[in-house]
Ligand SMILES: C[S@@+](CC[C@H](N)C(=O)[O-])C[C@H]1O[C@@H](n2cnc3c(N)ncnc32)[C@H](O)[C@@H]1O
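One chain comes next, on its own, written as structure tokens: the form predicted alone.
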């Protein structure tokens, strides 16, 4: 394993805030390509939903990181986690990478500090994609999971991420798909859920959490229980085609969290597979691989 010294920041932090396990450098989160209300909302969400067990992280990581190979991430990898949220994916990767710089523009960095505990090969920084305080072309691997579709200009945000990666390094991302491969029932369900999301996302934080918990019970759980029943009676092939089938093996904690994630944000963009590939190519990536499995679309590319 390469011995990593913490890289010097390319700018001076506004301040350092001591958290439970480490000091966190705070940088400005100004910029034209950021929605402050969305950032604030996610900060509140992750401060509430931060207590992910190792078993839960490991279970979900199998779905997200099925296309990650040792050549992408290993003990010689200097990594950047962009929009780290609670730090759950940072924690999973910390067992596999050399050193990780985990960055988020919201107060979720303080939730991540709690989840990461005394893990030593991670540094947390509060900064936005436009103010990431590290040199360009300095990381072996960068990832942004479930973040870029909540940014006004997703394509530009991806370019800002990829420029931090060394030539020959890798960038991994997960972006919401536009249901292009799904049937009419999926699209109808999304249309209805989007109608609900628009007023719910404007609610005060406390009330929003209550409403989203109710939605998890009355919308998510009936569909999830139906999927589980189909699996139980041996109709798995039918079950996997049902809406929300991905939650068949998920805990209610994860379902509540995802309901808040879905209905609580006011900015959500969705992309076709072709659009994902085009954005990655425009950002300077080649050898692009998009996983054929859920969640759609998670992909990796190599920087030219």
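Fair warning: this is a prediction, and the values are worked out from it, not measured in the lab. Residue numbers count along the first chain shown, from 1.
The form predicted together with this ligand exists for this protein as well; it is not shown, and the discussion that follows is about that form.
- Residue-level contacts in the predicted bound form: of 112, 151, 142, 97, one residue has a heavy atom within 4.5 Å of this ligand, and it is 151.
- Interface membership of residue 239, defined by any non-hydrogen atom within 4.5 Å of this ligand in the predicted bound form, is ruled out.
- Interface membership of residue 171, defined by any non-hydrogen atom within 4.5 Å of this ligand in the predicted bound form, is ruled out.
- Contact between residue 129 and this ligand in the predicted bound form is found at the 4.5 Å heavy atom cutoff.
- In the predicted bound form, at least one heavy atom of residue 146 sits within 4.5 Å of a heavy atom of this ligand.
- Exactly one of the stretches 209 to 217, 195 to 203, 117 to 125, 83 to 91 approaches this ligand in the predicted bound form with heavy atoms within 4.5 Å, and it is 83 to 91.
- Contact annotation for 152 to 183: no residue has a non-hydrogen atom within 4.5 angstroms of this ligand in the predicted bound form.
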